[in-house]
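Single chain ahead, by itself, as structure tokens, in the form predicted alone.
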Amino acid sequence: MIAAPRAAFERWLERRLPAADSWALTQRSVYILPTRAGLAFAATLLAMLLASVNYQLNLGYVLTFLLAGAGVVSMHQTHGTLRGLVLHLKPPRPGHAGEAATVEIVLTNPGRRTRHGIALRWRQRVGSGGFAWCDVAAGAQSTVQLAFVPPQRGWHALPTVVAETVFPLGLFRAWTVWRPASRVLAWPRPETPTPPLPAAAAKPGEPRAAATEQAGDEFDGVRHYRRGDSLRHIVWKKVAQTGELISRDARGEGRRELWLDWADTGGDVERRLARLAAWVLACERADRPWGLRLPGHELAPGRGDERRRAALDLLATWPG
């Protein structure tokens, strides 16, 4: 019975909040209420005041109003800890579906005093993320990281963020709610274990026999190190993974092309995309050039982080 009104309230709040990647905390956007400790503190003060009135205790009056003043100062400081801060979201980096994507938020303190005990969290409980705490020095910035786990590939809107504090005495809780505008792109989850790569094919116009020529321990563009090989031809990424010296076979690499083709995969769309993603990552780990073919789309053979990201972006946004 409570879930439906709560969901309606959440939708109303989402519509009310403007989406932006920067959020300046002002008097109107910071809210404050007493905590349970604050309510207990107020009840104690009330009891002390009644006792002082009944028994005409001057010392009781002094102590009661002294503690009440401390409470008022605490309320002002708690609200002031957030008021004036500026939150800024860095562009989220893409990741694979099902894996935690790190979202970085920069807190800027333009004031002349340090702000302590600021916590950030997602408003809805998502993934394994919890509170991220920080202090922000006067005139400085602090960066906090929140983990977001996209459940499937594609674009995902970030949940709303709550920034709050109970500093200094824990009697009041001040908070604000912020709706980031940026979205996170989730790449397909790669198939595991990585399936074997398809065979490289001859370049158009190359003799087939030459294109498929393999000798000894050579295979598809890389081979074991031989005395006299140039250091420029050693695949250091492969060496770091296997502990063996691997050289790039420039001759074979120049005559063959490795295509990661949609037609070489099977199953539904998600299974095909998962296999292609696994192949892309395997080629990059081996530092091999590769091309990608999808129905109506083609990425020419090449390698490198930019090409890997372009391919994974294409797979992430593939209709299905």
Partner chain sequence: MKPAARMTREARDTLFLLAVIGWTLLPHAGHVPVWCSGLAAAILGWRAWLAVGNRPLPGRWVLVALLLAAGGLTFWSERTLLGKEAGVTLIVVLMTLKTLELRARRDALVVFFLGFFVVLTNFLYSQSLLVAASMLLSVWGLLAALVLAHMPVGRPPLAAAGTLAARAALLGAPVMVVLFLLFPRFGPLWGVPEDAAGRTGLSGTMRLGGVASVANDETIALRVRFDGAPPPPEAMYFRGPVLGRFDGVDWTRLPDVPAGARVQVLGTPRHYEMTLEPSRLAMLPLLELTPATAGPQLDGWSLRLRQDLQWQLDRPLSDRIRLQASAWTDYRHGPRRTTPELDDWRRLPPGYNPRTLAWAQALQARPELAGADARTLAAALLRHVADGGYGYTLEPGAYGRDAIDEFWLDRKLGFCEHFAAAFVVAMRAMGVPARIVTGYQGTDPAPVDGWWIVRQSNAHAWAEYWQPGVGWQRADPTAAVAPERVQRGRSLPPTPGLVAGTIGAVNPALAARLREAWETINNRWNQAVLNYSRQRQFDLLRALGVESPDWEDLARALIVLAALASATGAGWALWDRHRQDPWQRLQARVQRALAARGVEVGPQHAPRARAERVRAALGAAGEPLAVELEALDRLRYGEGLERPARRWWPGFAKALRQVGRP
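Numbering follows the first chain given and starts at 1. None of these values were measured; they are calculated from a predicted model.
If you look for the form predicted together with the partner chain, you will not find it shown, but the lines that follow are about it.
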At 4.5 angstroms, heavy atoms only, are R28, R83 and D135 all close to the partner chain in the model of the complex? yes
Interface membership of P198, the partner chain in the model of the complex, 4.5 Å heavy atom rule: no
Exercise: G154 in contact with the partner chain in the model of the complex, heavy atom 4.5 Å: no
Looking at the partner-bound form in the model of the complex, is G98 within 4.5 Å of the partner chain by any heavy atom? no
Although the partner chain is absent from this view, report whether M48 comes within 4.5 Å of it in the model of the complex, heavy atoms only. yes
Name the single residue among L33, A263, V269, L66 that comes within 4.5 Å of the partner chain in the model of the complex, judging by heavy atoms. L66
In the model of the complex, segment of 114 to 122, 146 to 154, 90 to 98, 185 to 193 with a heavy atom within 4.5 Å of the partner chain: 114 to 122
With the partner left out here, which residues of 34 to 59 have a non-hydrogen atom within 4.5 Å of the partner chain in the model of the complex? A37, A40, F41, T44, A47, M48, L49, L50, A51, S52, V53, N54, Y55, Q56, L57, N58, L59
